[in-house]
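A single chain comes next, written as structure tokens; it is the form predicted alone.
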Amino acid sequence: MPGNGKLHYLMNKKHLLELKNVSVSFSPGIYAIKNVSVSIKPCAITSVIGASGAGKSTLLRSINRMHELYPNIKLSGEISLDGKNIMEMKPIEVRRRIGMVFQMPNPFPAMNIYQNVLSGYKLNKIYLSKAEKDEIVEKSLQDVALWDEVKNSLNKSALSLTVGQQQRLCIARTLALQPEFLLMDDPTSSIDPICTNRIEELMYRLKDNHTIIVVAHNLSQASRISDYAMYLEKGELVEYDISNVMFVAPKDKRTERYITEQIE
């Protein structure tokens, strides 16, 4: 890993992420998220479930300040990282510490595979030696079980990869900066079952050192991979509990109704 001290690796510390009365509106009086308060459990996988339009993706995007890319979206309340309001941090620092993987793979088309993995360092203007670059690229691709598949073609375009490989490359690109948190917006919806299994296995491994929040439209997957679950309905947090408890014996009738309807 880089030895120049410009990145601070804190992987042995359990970082804390808390939301307090967080609301997100696209226009005055119309909320995609409304008064959500939750303390995310560290070094665990938390799934976010709910019907389409419940606010799942909006919640994830607000956690690493993606909402700021759209001028009409307003956020109120507080999101704190280790007790510090992320709105008082530089956006680039927030997005380095809280990585994001989207529903559809989005490798940078003008960059080759090697450059894609290192793109976060370029964006953050962090200098690396050739040896450090090589180490980060190899480790990041190994972390997502992609190294053996691409090690002889690192100079090829990222678009030459299959969709499943592209998604794993995007995860490797995010992991290269060693974020404490990983936000995943339904990351397996566009890939085949074999690649889905690989990414699920990857999440199991990553939670030893990362806190993962994943939007899951597939309840079977959510119950299979997550330690905790959040159920959103019309932008409100209805229930937050241990996954095994929520999927077997939800406390709120609205959660029970949603789970029952999805299973049927």
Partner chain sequence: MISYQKFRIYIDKFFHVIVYLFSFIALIPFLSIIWTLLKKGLIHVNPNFYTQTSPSATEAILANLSGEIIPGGILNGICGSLYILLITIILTVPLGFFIGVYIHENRKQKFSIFIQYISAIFYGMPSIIIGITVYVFIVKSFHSFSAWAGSVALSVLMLPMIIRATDETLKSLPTYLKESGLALGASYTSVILRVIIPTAKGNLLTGLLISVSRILGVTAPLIVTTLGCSMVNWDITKPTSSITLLIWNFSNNPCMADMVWSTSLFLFIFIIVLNIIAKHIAWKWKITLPHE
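Positions refer to the first chain, counted from 1. Keep in mind it's a predicted model, so treat the numbers as computed, not measured.
Keep in mind that the form predicted in complex with the partner chain is missing from the display, and what follows is about it.
Residues placing heavy atoms within 4.5 Å of the partner chain in the predicted bound form fall in a single listed stretch, namely 68 to 76, out of 131 to 139, 148 to 156, 68 to 76, 81 to 89. Using a 4.5 angstroms limit between non-hydrogen atoms, Q166 touches the partner chain in the predicted bound form.
In the predicted bound form, the partner chain sits beyond 4.5 Å of every heavy atom of K56. Under a 4.5 angstroms non-hydrogen atom cutoff, the partner chain in the predicted bound form lacks I194 among its neighbouring residues.
Put simply, T188 is far from the partner chain in the predicted bound form: not one heavy atom of it is within 4.5 Å. Not one of L202, K207 and M230 comes within 4.5 Å of the partner chain in the predicted bound form, counting any heavy atom. Residues L159, Q166, R173, T174, L177 are the members of 147 to 184 with a non-hydrogen atom no more than 4.5 angstroms from the partner chain in the predicted bound form.
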